[in-house]
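Listed next as structure tokens is one chain, alone, in the form predicted alone.
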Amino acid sequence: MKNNIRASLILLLATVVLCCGLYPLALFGVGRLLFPSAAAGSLIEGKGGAGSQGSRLIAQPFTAPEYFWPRPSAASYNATASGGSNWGANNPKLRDRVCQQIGPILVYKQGSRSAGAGPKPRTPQQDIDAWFAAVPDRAAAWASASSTGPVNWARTDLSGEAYGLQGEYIRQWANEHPEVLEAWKKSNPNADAPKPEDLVTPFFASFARVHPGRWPGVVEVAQTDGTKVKRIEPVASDPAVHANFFDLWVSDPANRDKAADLEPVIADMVTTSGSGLDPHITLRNALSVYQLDRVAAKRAPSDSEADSTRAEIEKLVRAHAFTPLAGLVGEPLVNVLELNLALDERFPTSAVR
């Protein structure tokens, strides 16, 4: 009996030492010796002792116009929360997210009838503004019919219990216009005090009556001391109009010809990856007018150098392109972090316009 117990304990101890100590240590040593960069997280070190700039395996949230943008992330680019959104193609949340992203940046095809023949092409955003203003209560109808966009607008910049400009504006408007609270109480007789997102439908109905054809847009107002503060005022054009009404505008049969003239959007520009951390975009995405043209316009030292700067950046993009598995699988990709670092080195941000 004692011999059996002793043998079992020795076997247990040997297994623990081997599997929990020697084996991981051996893998660590082999990784550090043969693959030092990958074993350290594939970090990219900055030049001149600038420290780590990030991992070439994890997407970074570039949003500035002078940089190439990665794919959207369902994990907010958080490496500890890797995952996809699982939103299907007919999910209103997915449709709203895509429209929020592309509505303010879409362009017409160059030379198309919608873009016009003038030196400065007409934009879809101008047409959306005109379409929005053509019906005085367009915002009220949108707030009444949509289940996602109006609530998201009311919760813009929500942090904990503190609402942003939009939420506070709804509260202030409801205090100054009693019909907003009355309409909400009529639909919710037994509910507690409403939050701004609860009032968003009667708010837009009231706002459209007071300011027909206008939108509560965020504007910057200069103060006497030279500083600027943001507040909400009725405006005729606002990025939020382009984001929230693009889907309705493009679905209107009256705009069928304009929709056909829109420059196509590359799929990986608006869809998340399965991990939410994909560091690559397709070469087609990087070279599209929505990426290359935007970056070139910001990096060009002057208007006269716009074309030459665009050509140089295109060469830089193509130089960083690769096809997985030695060209056997998929289409050419570009690592966004590596490309943006090379972009900063070749076209310093100090020259960004």
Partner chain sequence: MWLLPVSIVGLTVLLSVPVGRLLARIMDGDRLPAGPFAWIERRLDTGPQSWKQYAAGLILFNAVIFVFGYLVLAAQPAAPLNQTDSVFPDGKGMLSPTTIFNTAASFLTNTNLQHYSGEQHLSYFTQLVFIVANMFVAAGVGFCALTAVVRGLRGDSHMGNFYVDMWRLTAYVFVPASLVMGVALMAAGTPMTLEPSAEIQTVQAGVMGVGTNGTPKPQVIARGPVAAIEPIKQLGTNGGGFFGANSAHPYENPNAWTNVLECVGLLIFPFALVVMFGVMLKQPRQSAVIYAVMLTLLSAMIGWTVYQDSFVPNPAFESQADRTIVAGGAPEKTIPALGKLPIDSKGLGNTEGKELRFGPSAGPTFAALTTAISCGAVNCMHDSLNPLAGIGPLIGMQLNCVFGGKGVGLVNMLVYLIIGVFLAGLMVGRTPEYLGKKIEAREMKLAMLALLVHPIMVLGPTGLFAAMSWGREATNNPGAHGFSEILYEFSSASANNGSGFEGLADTFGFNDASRNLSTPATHAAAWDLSTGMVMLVSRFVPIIAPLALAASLARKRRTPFTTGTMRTDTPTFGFVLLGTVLLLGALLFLPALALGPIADHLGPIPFGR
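Positions refer to the first chain, counted from 1. Here the structure is a predicted model, which is why all the values come from computation and not from measurement.
What comes next is about the form predicted in complex with the partner chain, which is not displayed.
Margin query: Would you classify S159 as touching the partner chain in the predicted complex, given a 4.5 Å non-hydrogen atom cut-off?
Written below: Judged by the heavy-atom cut-off of 4.5 Å, S159 is well away from the partner chain in the predicted complex.
Check: Would R138 count as touching the partner chain in the predicted complex under a 4.5 Å heavy atom rule?
Finding: Contact with the partner chain, no.
Check: Can E345 be called a contact residue for the partner chain in the predicted complex at 4.5 Å between heavy atoms?
Finding: Output for E345 is no: heavy atoms all beyond 4.5 Å of the partner chain.
Next item on the list: Report yes if any heavy atom of R97 sits within 4.5 Å of a heavy atom of the partner chain in the predicted complex; otherwise report no.
Entry: Taking the distances in the predicted complex, the answer for R97 is yes, it comes within 4.5 Å of the partner chain.
Next item on the list: Find the only residue in A296, L287, I58, L316 having a heavy atom within 4.5 Å of the partner chain in the predicted complex.
Entry: Selected residue: I58.
Note to self: Between L181, A133, V265, V151, only one gets a heavy atom within 4.5 angstroms of the partner chain in the predicted complex; which residue is that?
What the structure shows: Of L181, A133, V265, V151, the residue with a heavy atom within 4.5 Å of the partner chain in the predicted complex is V265.
Check: Which of these stretches, 125-133, 225-233, 196-204, 269-277, has heavy atoms within 4.5 Å of the partner chain in the predicted complex?
Finding: Within 4.5 Å of the partner lies stretch 269-277.
Check: Honest question, do A64, N86 and S251 all end up within 4.5 Å of the partner chain in the predicted complex by heavy atom distance?
Finding: All of them do, each having a heavy atom within 4.5 Å of the partner.
Check: So which bits of 332-348 sit within 4.5 Å of the partner chain in the predicted complex, heavy atoms only?
Finding: L333, L337, L341, D344, in sequence order.
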